[in-house]
Each structure stands twice: as C-alpha cells, then as structure tokens.
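First, one chain by itself: the form predicted on its own, in structure tokens.
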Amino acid sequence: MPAPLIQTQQVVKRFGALVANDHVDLTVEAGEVHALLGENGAGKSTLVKMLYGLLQPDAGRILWRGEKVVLDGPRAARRRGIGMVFQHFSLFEAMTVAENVALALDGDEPLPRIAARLAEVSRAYGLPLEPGREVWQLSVGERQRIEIVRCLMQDPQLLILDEPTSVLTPQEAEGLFATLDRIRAEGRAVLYISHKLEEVRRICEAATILRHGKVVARCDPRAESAASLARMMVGSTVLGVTHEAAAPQGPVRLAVASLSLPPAEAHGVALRDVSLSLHGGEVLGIAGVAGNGQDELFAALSGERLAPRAEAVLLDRRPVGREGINARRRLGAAFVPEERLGHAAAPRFPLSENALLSGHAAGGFVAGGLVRRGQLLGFVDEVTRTFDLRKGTRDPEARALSGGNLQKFTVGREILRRPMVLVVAQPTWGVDAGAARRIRQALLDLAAEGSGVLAISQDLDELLEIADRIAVMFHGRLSAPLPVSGLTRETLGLLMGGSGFPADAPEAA
C-alpha cells in the first residue's frame, strides 16, 4: 500500500498556556476529499497553518508520502505540493487577474506566458477567467476562482480550502463541487474546512473532527447526518431554532425610501433607488453575493454614510437620513457590521472598552461624564454567560478571542441592549453549529419581543431559517421582499445572479 499523502502524528501546538492542538493525528489519502470539522476554537486553523508552513509544531511530526518533513514556510509547503485557499481573499483590486496570479508564483515566468497558462488551466478545471480583467470588475465567485486557479497552477497534490462556499451562490457552489470532482479524479487530495455540514456530507468521503484541540472522531460523513456530525463537533445535541408562527405585523420600525448614493470610493457600489420597510416583530433577510451593495446599504442604515435627504431613512417615522450613528443609537437602533476585527471591535481594546464604544450613546455606561467601569464589566459578564464566550480572562483584548467567539461578543453586546431595530451583517459568519444556533435563536427572540431585525447574510440556509421575508441585492438595487414560505434556494440563487433586475440600471447621481 502506498503511504498516505500527508499525515500528522501526535502534533502539539501551544500558545502560552493554551494548547491549540493536543497530540493531533490526521491522515489524508491521495484522491480523497477530506473534511476537517470542529467548533470555533477547536484547533482547525492552527492545524492547517502548520500544514501550510505558517506555524511550526511544538511536538509531533508531519509526514509527506511517508517521509518526515519540516515545512518552514509557505514556499516550502508549495514546493512539496501543498496549496491553500484562505477564507478571506488576498487580491489586489487594481491589478489584473494575471498580475495577481504572477505575484503568487515562484520564479520569473514572463507575464504573457502566465496569462496563457492561466487561461488554459482555468478552462481545464471549469473555472473560466479572463487574464486581462482587473479584479475590481469581478464578482466574488470569480475572485475565488483566481485563488483556486493560482493554486492549481503550482501543481499541488494537496489543496486546502477554508470555507470555500461562504460567498457563493448555490449555482456557483455547484460549479465548485464539479471542480473538486475533477481534482479528485486526478489523484489530488482536498482538505475541506466548512461549517455547512450538508455540503460536507455530499462531497467528502472522510472526516476528522476536532474538539478543544483534540481529535474526537473520524468518520465517513456520507454515512452520518448533519445532526450527528454537529453532535460530534460540539459534544451534545445541537437543536434547531424555534421560529414561532408569524405574529400580527407590528408598526414599521425602519423604512428606507428611494435611497440612492454614489460609491464611497473608486471601486465601490452605488445604491440605486433602494426602498424597504422593516416591521416590529419580523426578521427581514437581505441576500446577495458579496460586493453587490450590502456594505453600502449597511453604512447608510447605520449612519456611517449620510443620505442626501433626511426622509430617505426613517426610524419609527422619524427622519434620520442626515443623522449619524450615535443619534440613531439613541433612538433605539443597534448595528453589527460584517468585519468583526477593526470595524465591530478595536483589536487592542479589552471587551469592556469595546462595549463602551458602541454603548456609550445609549447603554447607560456613562454618568456625569464618568465611565461606570463596574457596570461595563458586569455587561461583559452577561454577554459571556448568555452567548457562551470562551476566553482566558474576564476582560481580554478583542484580538485575543477566536473569530467565532469575537462574533458572539459583537452580536451579543447589541442584542442584550434590546434595541428597537437591529441591523446585523453576516450574523453567524465563521461560527460553529452550536454558536450559530445560539445567535440565530437570540435574533428570533429579539424579534418576538417586538423589535425589527434586518439580517444581511450570504448564507441562504441561515436566511431561510430565521427570516420572515427575504429581499436580494444585485448591483446596488434591492428586489421586492418575498415571503419565506414556499421560497427555494434556487429562486434566491437566480435573483442573486441578476434574474429580474434591469440590465442597464443607471448609476446613482
């Protein structure tokens, strides 16, 4: 029998007192798609960073085709035949596709030859790209193709994919799965990280499951259910959310009337005649492929960008289009942006000071010009208990939390304010099944209390689970919302691809 393509044997990685990987054994065979599963903080990212040479193990060893290897950097990993596509793209928007690919390749191959080879590889794997197009002109799905193709151009035998479908329409995801079939048929292996367990069951033939840094299970996911995989990840049964039947429609809490805004920067998206109404007691979902105006809509709703007219945005019938974010918070609105580290939270500030940043205007944390530190710490404790934050100290810096735990904090601190209106972008992006269930249920509970919740998400399963109505953004326009009852992923996917939208909508003035 040939040796496995790659193995880790009793690998340990520590960060101070934290053991991120605790004697982890992983075996990936050539020609298989192997899932690496676990809840947030389980050690998945640490493990794959060691496989790609970004980190070094403190103990144990890595074997490549049965031979012990030292991967002292990404270049060494690539030379062995290991490629990685990260969840967040690393592309220069003002450069062409070919130029972005050239930056990632070793050697001094001429750009025209790279462009020709890029076109050939992209066609062969069903990932069509135009080498001369600038990246800012491309959809998110096309940008992901760049990341995958430039890995394939290095002839990898192992391709590591981190949450590869998180920004794709259902149709684009199907195309990716077809590409993975081609890769597997060539004898290459894929190590696949995803929180979407149904797609794991569909495309993966093996899975290794981590919990608290240790391997707790190995299985064939095709023989498991999504519920049993989640149970292995979390250690207990993960229940679904409770979404009560729609209550009588409450008053309009948030309204947008014919809002148009030019792009905030050169490669931004113009908002074009956007209108919506959010009622108390409902969750309104906003779907769409990333880069179609969701960030611009969030900025306009939060007051980070002001509208041309005060009446373009209404909170409880009060015109606030020309009011900033603090004025809107004082009127009972709360906001959770997509980027958790840097936008939702200041990395070097402790959690208590991050709570103050968004809560000073309306959270009761300031009295007589003085910060009530005890109350802030008590609030952090409440978020910790309610949303099960995993942290080493009572009040750590935001950057010390894992991505999933920071997500729970940034969402939790706004929900616990019990706002009249909550606008949240990507509420469960990058969190495990248990944490996702906790956040989604909290959003539904907030709506059940009479608040209006507007959730912007690229996860269609999430929106279909929590929303009462869903609208789709495409090229800065917003479709009419559709009731979730009877709505399918395929219908949403077509809308996300532009079906039913004007082909030549004019730019906002």
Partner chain sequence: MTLLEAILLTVITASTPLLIAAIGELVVEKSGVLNLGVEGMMIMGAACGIVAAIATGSGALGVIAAILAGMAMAALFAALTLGLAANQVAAGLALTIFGIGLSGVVGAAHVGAQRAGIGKLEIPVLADIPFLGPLLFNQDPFVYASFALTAGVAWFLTRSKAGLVLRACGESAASAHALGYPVLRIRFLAILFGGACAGLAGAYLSLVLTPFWTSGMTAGRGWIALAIVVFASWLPWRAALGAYLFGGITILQLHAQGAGFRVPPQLMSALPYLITIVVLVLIMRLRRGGTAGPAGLGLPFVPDR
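Positions refer to the first chain, counted from 1. Everything numeric in this text was worked out from a predicted model, so none of it was measured.
One more form of this protein should be noted, the form predicted together with its partner chain, which is absent from this view; the next part is about it.
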Interface check vs its partner chain in the predicted complex: of Leu180, Leu91, Ala255, Leu127, the one with a heavy atom inside 4.5 Å is Leu91
Using heavy atoms only and a 4.5 Å cut-off, determine which of Arg317, Arg75, Arg123, Arg113 is in contact with its partner chain in the predicted complex.
Arg75
Which one, 172 to 180, 193 to 201, 101 to 109, 309 to 317, holds residues whose non-hydrogen atoms are within 4.5 Å of its partner chain in the predicted complex?
101 to 109
Residue-level question: is Arg61 within 4.5 Å of its partner chain in the predicted complex, judged on heavy atoms?
no
Leu54 versus its partner chain, in the predicted complex: is there a non-hydrogen atom within 4.5 Å?
yes
Is there any non-hydrogen atom of Met95 lying within 4.5 Å of its partner chain in the predicted complex?
yes
So, Arg150 and its partner chain: in the predicted complex, are they within 4.5 Å at any heavy atom pair?
yes
